[in-house]
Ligand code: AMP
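One chain is shown next in structure tokens, namely the form predicted on its own.
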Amino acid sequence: MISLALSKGRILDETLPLLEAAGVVASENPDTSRKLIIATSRPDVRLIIVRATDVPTYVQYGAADLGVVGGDVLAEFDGSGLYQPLDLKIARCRLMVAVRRGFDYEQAVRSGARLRVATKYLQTAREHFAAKGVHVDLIKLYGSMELAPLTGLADAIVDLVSTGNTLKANNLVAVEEIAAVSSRLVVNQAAYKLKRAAIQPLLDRLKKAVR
């Protein structure tokens, strides 16, 4: 049995057509089903529905053989035990620094000001600002990131930006791109060795579907 970990939302919506092209069709709609383990058209493949940030953990510890996860999550995760064979080129977005409109970010950086930055991407943000020589105090938030600059909690945020509409609606503006993000297929290294005969053909079909 091959278990594939997926999270609901945009990644799931864009992964399902790739799986179907690879010959794996979910037996029921994961978005509407209350089941967390879903059978597929292949008796040897099942889907496990987990929180996005938990996908690498399930794969790392072997509770799932494969998973689909955003590059933003992988950047925050200790990826030991994970093989990343394929960029699926889906759920594309950008990890950006954003500030409230009217805040002179460039001047603050040039002057050496210490910035307060709200984000859930602590590791990525820390590395980005350290490389620029910018001193920051990082504030971990889990949601409604745009609220932080509006209430004075932070000078800036580091968050994913897709269309930019949410920033615009909250009078924020993106000022710096940290990384382009897409979703990747990750594989448990031990599972790949033990189940290679079953996993490799699936990987090959997914690569063909991506192309």
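Keep in mind that what you see is a predicted model, and the values were worked out from it rather than measured. Numbering starts at 1 and runs along the sequence shown.
A second form of this protein, the form predicted together with the ligand, is not displayed here; the remarks below concern that form.
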Margin query: Can you work out which of Cys93, Leu86, Val134, Val99 has a heavy atom no more than 4.5 Å from the ligand in the predicted complex?
Written below: Cys93
Margin query: By the heavy atom within 4.5 Å rule, which residue out of Ile49, Ile178, Val161, Ala26 makes contact with the ligand in the predicted complex?
Written below: Val161
Note to self: Check for me whether the ligand, as it appears in the predicted complex, comes within 4.5 angstroms of all of Asp31, Thr53 and Arg184 - heavy atoms only.
What the structure shows: no
Notebook entry, point to check: Using heavy atoms and a 4.5 Å limit, would one call Thr151 a contact residue for the ligand in the predicted complex?
Noted result: no
Next item on the list: Using the partner position in the predicted complex, report whether Glu146 sits within 4.5 Å of the ligand, counting heavy atoms only.
Entry: yes
Notebook entry, point to check: Taking 4.5 angstroms as the cut-off for heavy atoms, does Arg196 touch the ligand in the predicted complex?
Noted result: no
Next item on the list: Please run the contact check for Thr57 against the ligand in the predicted complex: heavy atoms, 4.5 angstroms, yes or no?
Entry: no
Item checked: Neighbours of the ligand in the predicted complex among 1-25 [non-hydrogen atom within 4.5 angstroms] -> Arg10
